[in-house]
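One chain comes next, on its own, written as structure tokens: the form predicted on its own.
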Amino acid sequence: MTSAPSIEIRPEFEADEIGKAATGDVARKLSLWERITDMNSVRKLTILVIVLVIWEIYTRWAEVSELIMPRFSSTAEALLDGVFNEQLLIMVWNSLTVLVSGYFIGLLIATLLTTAATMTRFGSDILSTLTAMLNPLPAIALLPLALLWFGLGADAIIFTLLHSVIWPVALNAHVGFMSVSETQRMVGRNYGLRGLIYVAKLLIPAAFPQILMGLKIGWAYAWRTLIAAELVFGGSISDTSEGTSGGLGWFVFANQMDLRIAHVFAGLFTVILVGVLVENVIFNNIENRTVRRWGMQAR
């Protein structure tokens, strides 16, 4: 017969004082340096400054021609010249006005498609078929058709932007809706949610991280499509009362034709700045006030 295994009884341990317990660094006051480096905006700004310093040092050390790659200091001077002497800010406003119009129209169409796909099987078939057909098609490839149908103007650019916005937004929203658990769906139906109320009060909050990702992708696609379109015919967007013409893409193209390469880089740098500001000021605030506050995403 085998003997029963012996049971080892561990000695009891009791910490008389909290200070004697090996709890580790559970909570302490952060230093000023730790508080500063913990700020997301400070870390991103540091990365940007490092890139700009490397840019300046490389162009000076390698003695790169200004016609190939100007120094950052020259680009900064060109940027200030564009702002104060060449109405660069008005051109940025022209571009953003067209972008916002196309973006919100695209969001409306994507909302209708996604709602139909969520509520009916036929709507789901329509969305999946159109997405498979049109999503791989570059938006800028529709520019010749836009010129034929709408002429040389803002309407043609808006039509091109719609293609950039609709499919990523609709596709991400639909995937988000489909990923909502059946348990949440059953709870919503038990509360009597049906139709559009069911979509608005249950599906959208549950799928909002995926929806927000689609909004970000749609914005990025629309912004770069707008700049590419304006490189071709941005000069058609004019304001005769102010004596200005074109958008930000046209600013880049016109200076490239005049071989003002520092101004070209200043225009491209402005494109980047606008994208960074929209990402960090608008989308990050939405993300912090929704999915992160709801505990649906790690900080």
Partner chain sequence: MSKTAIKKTASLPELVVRPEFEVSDLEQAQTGEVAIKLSWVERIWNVDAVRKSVILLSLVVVWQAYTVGFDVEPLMLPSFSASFATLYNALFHGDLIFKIWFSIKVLIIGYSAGLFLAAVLILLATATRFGSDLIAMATAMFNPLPAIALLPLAMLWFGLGTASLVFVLIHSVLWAVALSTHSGFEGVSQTLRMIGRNYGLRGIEYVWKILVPAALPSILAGMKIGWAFAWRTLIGAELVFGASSGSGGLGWYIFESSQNIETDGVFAGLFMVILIGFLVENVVFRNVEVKTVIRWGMQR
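What you see is a predicted model, and the numbers here were worked out from it, not measured in a lab. Numbering follows the first chain given and starts at 1. Take the two forms, find the largest set of C-alpha atoms that superpose within 1.5 Å, and that set is the rigid core.
The same protein also exists as the form predicted together with its partner chain; that form is not shown, yet it is the one meant from here on.
The closest non-hydrogen atom of residue 43 lies within 4.5 Å of its partner chain in the predicted bound form. Its partner chain is not shown here, but in the predicted bound form it comes within 4.5 Å of a heavy atom of residue 134. In the predicted bound form, at least one heavy atom of residue 221 sits within 4.5 Å of a heavy atom of its partner chain.
When contacts are judged by a 4.5 Å heavy atom cut-off, residue 93 does not count as touching its partner chain in the predicted bound form. Contact here is defined as any heavy atom lying within 4.5 Å of its partner chain in the predicted bound form, and by that definition each of 231, 261 and 275 is a contact residue.
This chain appears without its partner; in the predicted bound form, the one residue of 73, 101, 184, 129 with a heavy atom within 4.5 Å of its partner chain is 129. You can rule out all but one of 152 to 160, 196 to 204, 116 to 124, 74 to 82: in the predicted bound form, only 116 to 124 has residues with a heavy atom within 4.5 Å of its partner chain.
Annotation for 42 to 60: interface residues with its partner chain in the predicted bound form are 43, 44, 47, 48, 51 [heavy atom within 4.5 Å].
When the rigid core is held fixed, the Cα atom of residue 38 travels 2 angstroms or more between this form and the one not shown. A movement of the C-alpha atom of residue 50 reaching 2 angstroms or beyond is seen between this form and the one not shown when the two forms are aligned on their rigid core. A movement of the C-alpha atom of residue 64 reaching 2 angstroms or beyond is seen between this form and the one not shown when the two forms are aligned on their rigid core.
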